[in-house]
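Only one chain is shown below, in structure tokens, and it's the form predicted on its own.
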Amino acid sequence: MGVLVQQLLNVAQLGAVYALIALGYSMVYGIIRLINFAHGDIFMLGGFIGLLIGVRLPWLPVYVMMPLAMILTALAGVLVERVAYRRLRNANRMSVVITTLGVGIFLENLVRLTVGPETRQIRSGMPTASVAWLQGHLGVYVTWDKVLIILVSFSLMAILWLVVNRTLVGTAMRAVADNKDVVPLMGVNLNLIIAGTFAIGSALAAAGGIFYGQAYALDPYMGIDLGWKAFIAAVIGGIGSIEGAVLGSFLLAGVEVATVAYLSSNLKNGIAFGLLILLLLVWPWGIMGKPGMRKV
């Protein structure tokens, strides 16, 4: 029982990080049908912004550092959209794909030149003691910072769902996702909505980067591996669907954790991509996707 609870908590932590990244892929694709391959590097950039804030302003509490890093990363995401993507909205898909890959390489090298190639870890700033009840009753060693990471991640996902489904901004985002050519005729500022989508996706990715940097470590190229996995999670769940991105993330995390726990850590990436191929053979549009479906 204790082992099972331990693994479920590992799935919750890893799945939450994947979900915070996958939501950005899914939202941007839902709005403008763009697969932003640089989004994994936005996740990396957010983690390093959090790291630099923590280093430069060590007296700043984590509950201030994190929103500040999310805001700065959101501005970076908006800048990327404005400079690199806006003029390519009606360009052919190959040009867009190459541009997103180029933006990702640029961000990786920018961070590498700024902070160096070494791996870094973000100071937790949160209680690292084990949860006494779980340790006493189930023999599970889980620290409070891991529990807080899971709770904050779920809270951010819930806030996003409310924004998209219960606010005027969310209504405008869903309208743009449905028909971005007609919506401007109704007085909606298309550029503002798209920029807002990039900002929200980038801010969530920054939260994922900070959590990952606290639990594991940061390096300038980590966005490649984790970005691809989050993209796989979004596709498995049905890219363009918020609920699908979250479902796919936890499903992928569950497969990875089970593979590491019961088979071998060397197999986890192969099994993750195998899962993608298998699921797409059964559900070509993803578990919660539908042919022609457009969601934010």
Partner chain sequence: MGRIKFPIVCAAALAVSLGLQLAVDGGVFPDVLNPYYLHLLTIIGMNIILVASLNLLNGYLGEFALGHAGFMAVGAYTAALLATRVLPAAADLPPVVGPFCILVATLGGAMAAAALVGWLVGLLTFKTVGDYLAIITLGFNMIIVNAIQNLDFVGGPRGFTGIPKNTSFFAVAVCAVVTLAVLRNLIQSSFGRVWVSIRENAIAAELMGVAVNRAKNQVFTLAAAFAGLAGGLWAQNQQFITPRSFDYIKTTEILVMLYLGGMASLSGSILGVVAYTVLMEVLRNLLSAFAPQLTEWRMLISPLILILIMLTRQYGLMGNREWAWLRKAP
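Not measured: the values here are computed from a predicted model. Residue numbers count along the first chain shown, from 1.
The form predicted together with its partner chain exists for this protein as well; it is not shown, and the discussion that follows is about that form.
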Exercise for review: State the residue from I98, L75, L151, L162 whose non-hydrogen atoms include one within 4.5 Å of its partner chain in the model of the complex.
Suggested key: I98
Review point. Which of these residues, L88, V169, A217, L190, gets a heavy atom within 4.5 Å of its partner chain in the model of the complex?
Key: L88
**Study point:** Site test, L8, Y18 and A175 vs its partner chain in the model of the complex, non-hydrogen atom cutoff 4.5 Å
**Key:** no
Practice item. Choose one stretch from 204-212, 191-199, 79-87, 142-150: the one whose residues place a heavy atom within 4.5 angstroms of its partner chain in the model of the complex. Key: 79-87
**Study point:** Proximity of P184 to its partner chain in the model of the complex, heavy atoms at 4.5 Å
**Key:** no
Review point. Taking heavy atoms and a 4.5 Å cut-off, does F250 contact its partner chain in the model of the complex?
Key: no
Check your understanding: Is N92 close enough to touch its partner chain in the model of the complex, meaning at least one heavy atom pair within 4.5 Å?
Key -> yes
Exercise for review: Decide whether R112 counts as a contact residue for its partner chain in the model of the complex under a heavy atom distance cut-off of 4.5 Å.
Suggested key: yes
Exercise for review: Would you give me the residues of 230-264 that have any heavy atom within 4.5 Å of its partner chain in the model of the complex, in order from first to last?
Suggested key: F231, I232, V235, I239
